[in-house]
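The form predicted alone is given below as one chain in structure tokens.
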């Protein structure tokens, strides 16, 4: 057990931005929302899955929508609204909360509801990174029902899906409602058992995000290179370094879609990398050759500061480092690749694991 105070949340927002592969909603905005509650109510308790009682019930809290909208239409307490609507529908309350994904602001979205309810948050999530679609959760891949689910907006509207024939159908229905809510909303999922959390979640990811953030902040304060500090905490590799030259971005169907072109600098002089994304970075091509694909993590950070740069904030002129990290093993099994491998996103590519 540990306590998520203001410093921890600031570090988590940096680390979750790195793990989020460019998505998961803006981490800086997310931590600002949580820090205000922490000032008023004190820190949130974070429990490991092993510290849960065997009969505990754990509710997943998350956000849904396009990151490009989320930086202009800032979330309020939608996750708390979704929690209240769903617990009212179910007639019971959970014993703890857990994140849908460790990416960006979604990593700390459960802390808003936790602060307002006094519930603890479990150290884990349903992705080990961020993915753009609702069905892309380790919970669902490994047997947790995807319903009932409640989607809520900032106006007080909520919609409860009491049944869906597949997680993909739930995504389609919830996405349609989210678009009508303004392309950004939050949701709450019917509670899981402790055993389901222990066997389907990617565990320890809040701690990993916090430690990554601490490493970046430590490098900044000492004036050292943040890139080696990141790779020491979370083993991965530098895929590219350069200057952002072109950004092709659009909001369509409730997603941010597009590509980023980066011209190489230093050891990569004369080369070009193109990243393709749907909320999150999915494919990295170096001079036309694929060097990293989903479900491995592709993340972009500011070369000098180690600050994660989400897809909605990419701009011409940024000096960036592209990092690659191995996927959690949950996704590299056949059942995981069927949902989040390159072919699941329409690419005629087979998954080739990153080699460190």
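Predicted, not measured: the structure shown is a model, and the values here were computed from it. Residue numbers count along the first chain shown, from 1.
There is also a form predicted together with another copy of the chain; it is not shown, and the following applies to it.
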Specify the contacting stretch among 85-93, 217-225, 129-137, 281-289, defined as having any heavy atom within 4.5 Å of another copy of the chain in the model of the complex.
-> 85-93
Counting only non-hydrogen atoms and a 4.5 angstroms cut-off, does residue 243 reach another copy of the chain in the model of the complex?
-> no
Flag residue 237 as yes or no: does it have a non-hydrogen atom within 4.5 angstroms of any non-hydrogen atom of another copy of the chain in the model of the complex?
-> no
Flag residue 266 as yes or no: does it have a non-hydrogen atom within 4.5 angstroms of any non-hydrogen atom of another copy of the chain in the model of the complex?
-> no
Residue contact check: residue 158 to another copy of the chain in the model of the complex, 4.5 Å heavy atom | yes
Of these, 190, 164, 247, 229, which has a heavy atom no more than 4.5 Å from another copy of the chain in the model of the complex?
-> 164
Could you tell me which one of 233, 141, 203, 177 places a heavy atom within 4.5 Å of another copy of the chain in the model of the complex?
-> 177
